[in-house]
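Presented below, as structure tokens, is a lone chain in the form predicted alone.
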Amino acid sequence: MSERGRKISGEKISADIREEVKTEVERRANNGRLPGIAIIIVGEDPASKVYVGMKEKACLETGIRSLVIRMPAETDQQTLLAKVNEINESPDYHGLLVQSPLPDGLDENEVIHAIDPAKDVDGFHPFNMGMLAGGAPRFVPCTPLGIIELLKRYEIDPSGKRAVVLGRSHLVGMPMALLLARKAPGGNATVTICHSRTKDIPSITSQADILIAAIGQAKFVTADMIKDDAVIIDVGINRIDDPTAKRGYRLVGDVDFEYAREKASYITPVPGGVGPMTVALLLKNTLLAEELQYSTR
């Protein structure tokens, strides 16, 4: 029986990646190149402001040029699209993302479609989604890409394993399944996707060698749903009331961590697991965008 409950530290791995990015930015800067990213945020959503702040800080730490464009919640669709097009045309910014969610009345899909696929460092444009589905990924959504990086750096090989993904969103679930199934390093798993209409989910998750929980329900995955020595990756970030906490609440994942770790071989904590990897892989996608645009000049 192997040792159980070993934590996969996204904080440590993301710090390593940021150092690698910083070194690469310095190398390019010595050759007169400076990777840049523009981030558009519309409105005053508190969580979005926190996420954008984290991305801005990461860029500052690694030397990537960043521009945060803050637009009022009253911004109309055409004004937002015009700003997207302005960044599309700018040679100074190789990556562009529009922070979600957008305020009511704005069409997020139309905005995503308007982003130049060559600058789509979030990996949400249909062109980049199609490349991933076709087995030749270019820009991949940062959270699933970060999970693959975690598995790689902890020497967890999905090849030949049974992987179960809880959730089918275009942000995490679907691209995660495609990455795990593709014929390439970090893939070659047999993948099952579970969602809200799946019957008897525990009978499926209990067969998973690798379980990715991205369903958005606090402590949904309990110990009895987990196979002995499974690898558990918890993408969920859920707020639950806790009178003993300073803010009156605490953050938990989609997995009941304390009980699940008694059966899992490896498990990501919340916070400190997958979360930091999302920003780290955004930086790497920005480097990729700059490299692709530089090579096609």
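Fair warning: this is a prediction, and the values are worked out from it, not measured in the lab. Residues carry their position along the shown sequence, with the first being 1.
FYI, the form predicted in complex with a small molecule isn't displayed, but the following is about it.
Comment: the small molecule is not present in this chain, but in the predicted complex one of Asn188, Gln99, Thr143, Thr75 has a heavy atom within 4.5 Å of it, namely Thr143. Exactly one listed residue, out of Ile210, Leu180, Ala214, Ile226, brings a non-hydrogen atom to within 4.5 Å of the small molecule in the predicted complex: Ala214.
Taking non-hydrogen atoms only, Ile69 never approaches the small molecule to within 4.5 angstroms in the predicted complex. Proximity of Ser196 to the small molecule in the predicted complex falls within the 4.5 Å heavy atom cutoff. At a distance threshold of 4.5 angstroms between non-hydrogen atoms, Val235 is in contact with the small molecule in the predicted complex.
Taking the partner from elsewhere, Gly123 is found to have every heavy atom lying beyond 4.5 Å of the small molecule in the predicted complex. Screening 235-243, 59-67, 42-50, 28-36 for residues having heavy atoms within 4.5 Å of the small molecule in the predicted complex returns a single hit, 235-243.
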